[in-house]
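Shown here is one chain on its own, the form predicted on its own, set out as structure tokens.
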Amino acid sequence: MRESPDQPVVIGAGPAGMACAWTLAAAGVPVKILEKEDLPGGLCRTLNFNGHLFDIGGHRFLSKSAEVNRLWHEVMQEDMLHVKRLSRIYFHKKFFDYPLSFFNTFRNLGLWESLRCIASYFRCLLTHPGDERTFEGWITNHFGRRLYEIFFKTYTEKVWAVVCGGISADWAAQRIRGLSLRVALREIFFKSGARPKTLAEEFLYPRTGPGEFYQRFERRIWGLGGEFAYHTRVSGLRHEKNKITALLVEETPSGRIFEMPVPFVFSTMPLPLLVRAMIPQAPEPVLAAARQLRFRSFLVVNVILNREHVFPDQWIYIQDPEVRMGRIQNYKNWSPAMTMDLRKTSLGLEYFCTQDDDLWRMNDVDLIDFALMELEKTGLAGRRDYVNGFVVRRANVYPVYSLGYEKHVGVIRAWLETFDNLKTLGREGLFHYDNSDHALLTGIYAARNYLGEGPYNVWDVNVDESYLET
């Protein structure tokens, strides 16, 4: 690896890191990007398995940001599909509209359960029994206790492994702001047109998946003078007198470890890991705050089935508490080019987990067997349809919005901002759940601040820039 003390360094080639590097390189600043994986894109990579293409979770190209839309079109030109969004909740072998629609929901629930839900909603509307600081309280007050228990509790606790009373209401406000049973009723009877942001009905998608965008983006950055170092992991950041002086870097294929002098660092490392990587170590209050922040990890059992049709949605949410599976992606419904043979179907069976828990440690053969068993339980497909499959694991994917998390983030942020040549960005680096367009903006803004074109507050990039879902 060519080393230069004059190059600013970007840690991570995910959306935020790539956008930062591109903005710097386009301004004539030589930049080096260090990435522990073998390809750019982070969670937005696309994987090829036996000719079938798989995302790591499914990623829509959808943004209210003119800058991000311009970037996507500049890189992809016309190679983007306009996809009509269809994603529903699968509960007790029935499909429910997502976001919930009045008639569909109550038709599927039946008359008696529907009346219970309506009574629960009006009771909560009058009494506001929920603690609005928590996810449970926020949802209960906006939808009623009964609908909360049926449609929100199980899935949310699958994602976070925390009881909903221990999750900050920030999560509800960010995910489904503007949506409630009252809004749904108003839409039905008055056609107000004030549609919540969660209701986006169409999105763009690269014909062969989001990885195509990031590979083209990588070539553009190389062409502008940027440099990528893959299979390269940063394990430490040396600092002195409020400056990062060097990175401790490991080239994973060879095991070679060395120090890289740096003039400036843009980090997309998970915020608590960044704190723990500091040499000398951070002050104890900052370390204590980092210990209070945690991420949920993510694994996908990707399977190819010998079935032409399973369901018409791009993805569905699995609400049933009888299975641990949280979501299923159907990739040929994102783009027909994702599936080599349209007589077959490729699915991503998604699990939210904690690093080193029983699912995480399970070997791939047993995981595929377990996921097929759960798929069969749902009634959507069976083991007899299975052709082939593989497993993808990703750590530190979802920042957990536990009660009080923002105070811990604030302590860390205040300390990091004492460094003159270190900036954090991206979902993991800011401990903020967002979509790829939001991450791209944080990268662009962080680079512009470095170039003197700011100020931009990357910690406060407007969440209304994105349509956000889990």
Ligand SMILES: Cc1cc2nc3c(=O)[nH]c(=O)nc-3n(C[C@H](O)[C@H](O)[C@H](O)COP(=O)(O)OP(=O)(O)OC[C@H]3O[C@@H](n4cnc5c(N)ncnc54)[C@H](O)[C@@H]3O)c2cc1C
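For every residue, the number given is its place in the sequence shown, counted from 1. Being a predicted model, the structure only gives us computed values, none of them experimental.
There is another form of the same protein, the form predicted together with the named molecule; it is not shown, and what comes next is about it.
In the predicted complex, at least one heavy atom of residue 298 sits within 4.5 Å of the named molecule. Within 4.5 Å of any heavy atom of the named molecule in the predicted complex lies no heavy atom of residue 408. For residue 43, a non-hydrogen atom is located within 4.5 Å of the named molecule in the predicted complex, even though that partner is not displayed. Interface membership of residue 390, defined by any non-hydrogen atom within 4.5 Å of the named molecule in the predicted complex, is ruled out.
Shown alone, this chain has one stretch from 215 to 223, 230 to 238, 355 to 363, 123 to 131 that lies within 4.5 Å of the named molecule in the predicted complex by heavy atoms: 230 to 238. Judged against the named molecule in the predicted complex with a 4.5 angstroms heavy atom cut-off, the residues 35, 327 and 397 are in contact without exception.
Taking a 4.5 Å heavy atom cutoff to the named molecule in the predicted complex, the contacting residues in 428 to 448 are 428, 434, 435, 436, 437, 439.
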